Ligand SMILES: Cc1cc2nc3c(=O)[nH]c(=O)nc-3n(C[C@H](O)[C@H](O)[C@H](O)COP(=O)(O)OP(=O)(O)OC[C@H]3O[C@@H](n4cnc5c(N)ncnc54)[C@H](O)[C@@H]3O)c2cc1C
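One chain comes next, on its own, written as structure tokens: the form predicted alone.
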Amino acid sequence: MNEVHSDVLVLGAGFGGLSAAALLAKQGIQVNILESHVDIGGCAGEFKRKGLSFNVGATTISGFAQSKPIYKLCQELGILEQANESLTREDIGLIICKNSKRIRRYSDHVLWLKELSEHFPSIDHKLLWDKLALWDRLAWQMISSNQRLMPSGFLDYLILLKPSNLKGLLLLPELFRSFAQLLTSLNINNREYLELMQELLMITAQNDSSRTPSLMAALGLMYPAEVFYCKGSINSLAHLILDSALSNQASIHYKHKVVNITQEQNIYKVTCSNQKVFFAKKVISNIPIWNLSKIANCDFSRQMNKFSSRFENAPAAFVVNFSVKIDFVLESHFYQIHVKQAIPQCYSSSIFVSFSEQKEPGSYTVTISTHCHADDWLELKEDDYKQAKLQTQSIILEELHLAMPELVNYPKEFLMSATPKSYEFFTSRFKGQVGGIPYDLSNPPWTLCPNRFDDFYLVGDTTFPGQGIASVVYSAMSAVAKLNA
């Protein structure tokens, strides 16, 4: 049968779609999930090589502390115990290799301030980082107690006016002041320290200090204070969420790429590339807004096109993967290396390195990523593309060995790299862009794409951008709350 009817249709099995599907299925709602590929996770998925698990991209998890989105999701789904078994909090969330320094980003606030003082003794770190910690705590309190922070109608705004949200007014000015302006107001002008902040923002807020609002910078800079390592690969958490959905009678359909969405008498008709057709009154879409604008032929299509064209140039990534077997103990699973030379076809001045433990002791798969502009890769001719890819990969490995000489003599197996062209092919995302939409002074939260159009709800990193998987999970909880209302 080529036609399937359900209560709710979920498009895409990334963390946003999976979370929404699992929450709805637990309520007894009939859910069908459509996934264009053969596995789940989207940009936070994995691929296998001879029994080894390689992360596609995102490799860290934050937001698993009590009351934060991932913890609340696991608690509500009844999978908290299993999640606790697969997630380990890192005491050192990140090691920053800059010049000859190794700066350890401790999760403990006091130890982190002490570490900074040892490397940058002339700066009042407590003044700055106490502010950032306070704003981060207040912001997460707001996020945790409100499921309508991305308003899509008058009712959403009305609900946000509740008295308990008044404390959030303290944060409002920090949406209009850049982090660079904050640093200037605190007389912080040490060049090396400013570079450190800049690159930390690039891997968390995905923006520079002159364009990132101070509040968003606080969330980004406090992110490594609460990093959880996922044993094996980050996809193990995605499978826990999927198993919850399936245990409550949800269904998932692999190799079902959505190619057209229309409305017929308030019912959504979703057509897949294999000609199978699905019908539902309500739809939750994990498809990025750029892709969605090209396949949705609905009442909201014009509005969707406006948002997708406005945010067309989002971050993209160049990624290197390999496996390695070592006989020493890593201080952390995560490193940020400030590079000494410009990386071709990329604009970031640092690379992010993550180590994922495999079954055999001492065996790891490694993911190295840095930012680039998608067009710089997509516009290259084939021969130039191959040459640029090898050159970029070579320089990234050179910088890795300069910063971590302990790795030099260990063979790298399954060495491979991916560009926006690779991500466009494997994830189907527009231009292979994998970073979502960064918060920017010119794009405050209320100007972003709403997450509801009638009975069509949006989840994912192009809807509620920010703190990686935590924000994606929040977008799902918000969409489900609105759908239930």
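The structure presented is a predicted model; accordingly, all values stated were derived computationally and were not measured. Residue numbers here begin at 1 and follow the sequence given.
Beyond what is shown, the protein has a form predicted in complex with the ligand; the following relates to that form.
Just one of 448-456, 425-433, 22-30, 46-54 has heavy atoms within 4.5 Å of the ligand in the model of the complex; which? Answer to the contact question: 425-433.
Which pick from V258, L73, I143, M202 sits with a heavy atom within 4.5 Å of the ligand in the model of the complex? Checked against the cut-off, the match is V258.
Among the candidates Y223, Y335, F179, W377, the residue which, in the model of the complex, approaches the ligand to within 4.5 Å (heavy atoms): Of Y223, Y335, F179, W377, the residue with a heavy atom within 4.5 Å of the ligand in the model of the complex is Y223.
Can you work out whether L242 and the ligand are in contact in the model of the complex, taking contact to mean some heavy atom pair no more than 4.5 Å apart? Output for L242 is no: heavy atoms all beyond 4.5 Å of the ligand.
Is there any non-hydrogen atom of S36 lying within 4.5 Å of the ligand in the model of the complex? Judged by the heavy-atom cut-off of 4.5 Å, S36 is in contact with the ligand in the model of the complex.
Test of understanding: in the model of the complex, would A218 fall inside 4.5 Å of the ligand by heavy atoms? Contact check for A218: no, nothing within 4.5 Å of the ligand in the model of the complex.
Any of the heavy atoms of T365 lying within 4.5 Å of the ligand in the model of the complex? T365: no contact with the ligand in the model of the complex.
Going by heavy atoms, what in 298-321 lies within 4.5 angstroms of the ligand in the model of the complex? Those in contact are A317, V319.
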